[in-house]
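Coming up is one lone chain in C-alpha cells, specifically the form predicted on its own.
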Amino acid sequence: MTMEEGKFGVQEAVSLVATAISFKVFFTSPSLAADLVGNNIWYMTLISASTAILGFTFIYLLLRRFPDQDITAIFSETLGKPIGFICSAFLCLYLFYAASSSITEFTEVMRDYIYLLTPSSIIIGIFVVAVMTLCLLGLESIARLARFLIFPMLFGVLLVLVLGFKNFHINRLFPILGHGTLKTLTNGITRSSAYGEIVILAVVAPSLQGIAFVKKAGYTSLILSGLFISMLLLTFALTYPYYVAREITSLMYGMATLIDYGRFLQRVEPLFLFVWFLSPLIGISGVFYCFISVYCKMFKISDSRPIVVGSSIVLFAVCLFQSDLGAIASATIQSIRNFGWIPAFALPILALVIGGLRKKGTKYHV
C-alpha cells in the first residue's frame, strides 16, 4: 500500500471533516465546557467556530500559495528542512494524541453507560482494529464511507432532539451571560482547537480537485459543524441546569434516556447508539490516517502498510495506559482543547508568514 490517497469531491471531504469535528460533542466535551462557562456553552462554541474559520483562512492562503502540495511539503519549503521537519513532527504528534484521547474518551463513556463490566482493553482493541482496517483501505474509502453515512447519522441525532423536546425549559438559559462575557470569549477563542480537525484538509489537499475545492470544503465544514454543535449544546442547556450538566459524562446519551412517551415509546437510546459508534469511528480513522500520512511523508516512506499496523499497536498501548489512569486521560483531553490551536492554526500561519518573507510559492495563484 502506498500513500496514494485517491481523489474525492467536496461532499466527501465535508462529510469526513464535519464528522471528525462534531463527534466530540457526544462525549465529555460539553460537560467540561459547562464547568468553564456555565449555561452559555451554546454560543461559546460559535466563538470557537468563528476563530477556527479565521484560522482556516490562513491555511487556505498557505495552500493557495503552494498549489498541489500538502502541509508537510509546505513546511519543508517555507521553513527549511530541519525546522519544517520539526513542525511536521509536532503536527504528527498532535494528530496521534487527538486520535488516542478520543478513543480513550469513547471507551470510558462506553464503560460508564453500556459495557459496565467489559475490560477497557476489549473495547479499545475492537475499536483500534476497526480504525486500522479503515486506514488500510485508504483515505478515499474513509471519505466515501463518511459521505454514505452522514445523513443516517444526522437523522438519528435529530430524532433524539425532536423526541426530547418536552424536556426543554427556556428558563435554564438564564442568566444569558453565564459566568461572564470575558470568560466566555476567552474560552471560546482558546477552545477553537475543538475545530482543529480542519487541518485534515491541509494534510490531504492533493486528494481534492484543486484549491477551490479545498476552500469550499473547509468553510462549509466549519460553518455546518459550528451550527450543528451549537444546536446540540443549546438543547443540552435547555434540558439540564449547568450545575447538573457538568457532572454528566455524556449529555447526549443522558438526554436520550430521559425520553419517555408512555409504554409504547421509551428507552430510545438504541436510536442514538448507531451514531455513537459510527461517528467516532469515521472521525478518528480520518485523523489517524492523517497521522500516518504525515509520518510517511516526513520519512519518505512509500509503503505505509507496516506503519499502519505498527502505529495501531502503539495506539492501542497508549489508549490502554490512559484508560487505566483517568486523570491522565482527562488531562490529555483538556490539553488538546486548550493548546490544539498551536499545531492546527499557528504553525500554518507561521509557514505563511515566513514563506511570504522568503518569497516562496506562487503569489497570485487562483
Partner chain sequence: MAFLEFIKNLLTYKEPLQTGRFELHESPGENPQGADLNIPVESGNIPGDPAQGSSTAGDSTGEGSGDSKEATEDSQNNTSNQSEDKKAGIKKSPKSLGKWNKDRKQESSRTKDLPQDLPQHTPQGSSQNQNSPQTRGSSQTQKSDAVNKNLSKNLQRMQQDFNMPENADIVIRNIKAGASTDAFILYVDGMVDKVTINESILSPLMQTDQGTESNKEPSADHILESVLSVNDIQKSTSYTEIIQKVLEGVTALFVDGLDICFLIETQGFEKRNVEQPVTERTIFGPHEAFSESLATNITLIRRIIKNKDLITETLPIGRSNNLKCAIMYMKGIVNPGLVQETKRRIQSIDTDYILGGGELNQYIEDHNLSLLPQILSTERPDRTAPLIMDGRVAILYESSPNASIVPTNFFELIYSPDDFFIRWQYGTFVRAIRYMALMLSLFLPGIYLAITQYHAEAIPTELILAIEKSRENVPFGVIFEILLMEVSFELIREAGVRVPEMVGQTLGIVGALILGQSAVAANLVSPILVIIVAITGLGNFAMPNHHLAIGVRVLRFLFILLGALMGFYGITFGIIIVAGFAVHMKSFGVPFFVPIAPKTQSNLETFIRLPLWISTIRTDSINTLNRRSAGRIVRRWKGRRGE
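Numbering follows the first chain given and starts at 1. These numbers come from a predicted model, not from an experiment.
Not pictured, yet referred to below: the form predicted together with the partner chain.
Screening 157-165, 142-150, 177-185, 69-77 for residues having heavy atoms within 4.5 Å of the partner chain in the predicted bound form returns a single hit, 142-150. Checking Ile86, Ile126, Met231, Leu258 against the partner chain in the predicted bound form, a heavy atom within 4.5 Å turns up for just one residue: Ile126. Of the candidates Tyr219, Tyr243, Phe274, Phe90, Phe274 is the one whose heavy atoms come within 4.5 Å of the partner chain in the predicted bound form; the others do not. Not displayed here, the partner chain is kept clear of Phe291 by more than 4.5 Å at the level of heavy atoms in the predicted bound form. Contact check for Pro82: no non-hydrogen atom falls within 4.5 Å of the partner chain in the predicted bound form. The partner chain in the predicted bound form comes within 4.5 Å of a heavy atom belonging to Ile282. Mapping the unseen interface onto this chain, Phe236 falls outside it, with no heavy atom inside 4.5 Å of the partner chain in the predicted bound form. At a distance of at most 4.5 angstroms from the partner chain in the predicted bound form, all three residues Glu12, Thr118 and Pro306 contribute at least one non-hydrogen atom.
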